[in-house]
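Given next, in structure tokens, is a single chain: the form predicted alone.
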């Protein structure tokens, strides 16, 4: 499987440039993740933060200026006024330490409401993605980056680069690899979807999003520990791999589903699972809008696998979906995230919805949710 754009991008500093004299931006932890994702090729073919032409193409065409599919802006807000011009190099710092340099190719502004409307289909500030966009700076900086150093971050043992996952898949002799995106702890419905896909694949790449999430979502450490328990007890050792994607959830629904597929393509996946309401929030998107958008991208280079609504059927005595179960709704028990969270908040196992080993892990945390 070729990377998006044909090759894995690597952006690492190759010289010992004097960094102390440079103007600098202090990054927050979420922008730091984007810098790393660019440097290690997770966001291939991007080599830096987008300029105005790239942003406009992504907003209006859902493609880069070279016509390659791309649906989510990767931009750098100017968080402090910099006296810089095109061609200057600035330092990008985290915790006061330079982690990367950036060649300023462009400094520009763009109406944020237009960005929000195109990406999130709303300007409503109660949408977490819109709120995050509006809280950022008014000016954007575009240009290529070079990673100088990678700060030690939490969950490093779970972090693999695209070059590493591709070597791993090759060692395992996986030719057909299905990627699974998640921001939740696993319930039996998730396991059903993963194993249904795995039936036809050589391996599954479980790739949780580790980064900023909205209140009420599960904490990163809880997600990883819960998946560790599931994989250890219910998956064949040589058929499942878990690694993290360090980025924030944008809750951009259809556009984010395509973006998630591109990222997993870069990791080396040949297929990608897209479920009901993928990357959705509230009622901003239709339940299957994130699947329908893939019709616009026949040249994406990774095959989406679509799963409809699934549930437990008392008549079938198992987990089924809309396409396999002939029985009326009175026999169905839905996998309700609201009900599961309510039960877990009270220290109770969501009956019929979760493996005992997974529940014990979640219940060992005083509060497993983002506050």
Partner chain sequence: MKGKKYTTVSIPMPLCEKVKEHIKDTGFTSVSDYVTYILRELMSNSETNNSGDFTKEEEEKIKLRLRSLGYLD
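Positions refer to the first chain, counted from 1. Note that the structure is a prediction, hence the values are computed from the model and not measured.
Keep in mind that the form predicted together with its partner chain is not shown, yet the notes after this line are about it.
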Taking 4.5 angstroms as the heavy atom distance cut-off, pick the stretch from 177 to 185, 84 to 92, 140 to 148, 241 to 249 that is near its partner chain in the model of the complex. 241 to 249
Partner-free chain; cross-checking its partner chain in the model of the complex, the single residue of 63, 315, 333, 339 with a heavy atom within 4.5 Å is 63
Look up in the model of the complex whether residue 192 has a non-hydrogen atom within 4.5 angstroms of its partner chain, and give yes or no. no
Using the partner position in the model of the complex, report whether residue 346 sits within 4.5 Å of its partner chain, counting heavy atoms only. no
Looking in the model of the complex, any heavy atom of residue 67 within 4.5 Å of its partner chain? yes
Going by a heavy atom distance of 4.5 Å, is residue 218 a contact of its partner chain in the model of the complex? no
Do heavy atoms from each of 121, 131 and 214 fall within 4.5 Å of its partner chain in the model of the complex? no
Contact set, 158 to 179 vs its partner chain in the model of the complex - heavy atom within 4.5 angstroms: 158, 159, 160, 163, 164, 166, 167, 168, 170, 171, 172
